[in-house]
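Next up: just one chain, as structure tokens, the form predicted on its own.
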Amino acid sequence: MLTPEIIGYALNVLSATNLFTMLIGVSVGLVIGAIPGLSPPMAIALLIPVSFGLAPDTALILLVSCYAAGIYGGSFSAILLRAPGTSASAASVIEGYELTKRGKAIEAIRISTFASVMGGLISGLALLLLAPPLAAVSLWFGPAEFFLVSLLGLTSIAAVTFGALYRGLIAGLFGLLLATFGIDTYSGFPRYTFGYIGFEGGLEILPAIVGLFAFAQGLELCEGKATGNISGVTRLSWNVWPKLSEIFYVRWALVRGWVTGLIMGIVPAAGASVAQWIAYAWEVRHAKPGDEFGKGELKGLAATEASNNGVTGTSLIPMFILGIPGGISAAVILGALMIHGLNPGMRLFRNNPEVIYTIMWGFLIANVMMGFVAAFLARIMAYLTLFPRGILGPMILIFSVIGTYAGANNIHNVWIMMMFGVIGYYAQKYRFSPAGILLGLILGPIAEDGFRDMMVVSFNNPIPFIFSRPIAIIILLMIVFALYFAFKPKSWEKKREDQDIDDKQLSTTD
């Protein structure tokens, strides 16, 4: 509940120091988030030493601003180059890059910015108004719920295959297999390492994302006509503010994306990487005849972008109240919180309300500032779509290598990234869904850990254990419905197939 005292803390954010610090955080987050191989946790970690000399509220405003902007920053390269800068923007590749290829890059950026800014504002309001009750919800999630949430995420594979369902399932199973690489955390036994030290720590997500999408995209651009560009257009529109007609067209996609993000943000270890795929799959299942999913559908992009920033505020709720971070970025912020002498919990709200509420207001205002800074950067970055393929392709390959190495200072990750690049190139060529591989890789560890823990706490009797937990039953029903709609014939796909047949017949006649 907003009391006059809480509202008064908003004025603390408007000091010149806090606003300038916020601008630095937003700018760093956007730039680092847009570079494949670098990530919001890395950006936040780089800013922690800078925050040592600042007041606690100013220091945390710097970090949460960087967090919000970093999640969105990866969408620039995902939409414009098919090279997601972060794992939270991987799903935006599917529709965003197709829009870019059709010469609608600015339209895609417009909706992406609006969805992300509003998603951040809504999740920030949830953080400000509902932190204590929503934190209690996160305690309802145990091993069974984590296992079932990962299965729910895996049903999204059916939504990203577009007519190649069985190939997509094979890709997902391959991703699950790759997720088992490395030393088993329970037994300490090395699995599928083949004596190579680079596999012992498992296959990290960021090198996989950079390889499957960015490096593979660079290889694909290198085989095209060197003088052509991605979209085929020579001029770009500079209207970076969304039109009311565009917002109205995607209104329900935005709502579904925001709701998905708010819910998944509360679930520890899920976060934007899982939320975006669930939101996208949900949107595909709501498709209508005439929708162009897989070919540049604005609704799909709106859903993914609304969900990944819808996570940001609610993922901080269990961190502030319970000391349980909702993701890696929240974990880094938690470390910074404690470095500045602030311990999470209800005592933080009782003893230091001026600090915690100033940070929350700062998070809200940072999302608004992010919209303006992103609009400025979009004008610059959109020029990349006009670059000749002969220049752009090698540039993506070079920056993929540099970004991957800089992300962990580890040459093994570069080799792993290049391995995924070759896999992603051929997977895309033969319709084996690189997104399915990535989903399996992201969700595999969550599913495995959840299943093992569930077997322990249920004394090897998981079925009664699952049906004794209300949240687990709800998630199980969602999985059943998701699978039903995945295999049910879709009217919009039938219409597309008929249109494709008509186009082939016309081309044959000509």
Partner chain sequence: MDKKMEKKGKDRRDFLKVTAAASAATLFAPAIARAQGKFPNGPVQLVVPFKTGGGSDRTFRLFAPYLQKELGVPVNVINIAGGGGWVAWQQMAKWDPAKDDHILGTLNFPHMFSYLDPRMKRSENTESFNFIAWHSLDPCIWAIRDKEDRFDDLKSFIEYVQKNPNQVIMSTTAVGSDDHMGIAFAEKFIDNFKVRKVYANSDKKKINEVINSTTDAVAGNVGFYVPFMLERQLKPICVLHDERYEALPATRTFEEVTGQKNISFAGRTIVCAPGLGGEKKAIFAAAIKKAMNNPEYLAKEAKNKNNIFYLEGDDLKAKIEETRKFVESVKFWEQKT
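Computed from a prediction, not measured in an experiment: that's the story for all the values here. Residue numbers count along the first chain shown, from 1.
Missing here is the form predicted in complex with the partner chain; even so, the following discussion is about that form.
- Contact between G201 and the partner chain in the predicted complex is found at the 4.5 Å heavy atom cutoff.
- In the predicted complex, the partner chain lies within 4.5 Å of some heavy atom of F189.
- Though the partner is left out of this view, G142 does reach within 4.5 Å of the partner chain in the predicted complex, counting heavy atoms only.
- Looking at R167, you'd find every heavy atom of it more than 4.5 angstroms from the partner chain in the predicted complex.
- Each of L46, G341 and A408 is positioned with at least one heavy atom within 4.5 Å of the partner chain in the predicted complex.
- Among the residues P325, G175, G153, G218, the one placing a heavy atom within 4.5 Å of the partner chain in the predicted complex is P325.
- R347 is the sole member of R379, R347, K429, K288 with a non-hydrogen atom within 4.5 Å of the partner chain in the predicted complex.
- Comment: 455-463 is the region of 61-69, 455-463, 476-484, 26-34 lying near the partner chain in the predicted complex, near meaning a non-hydrogen atom within 4.5 Å.
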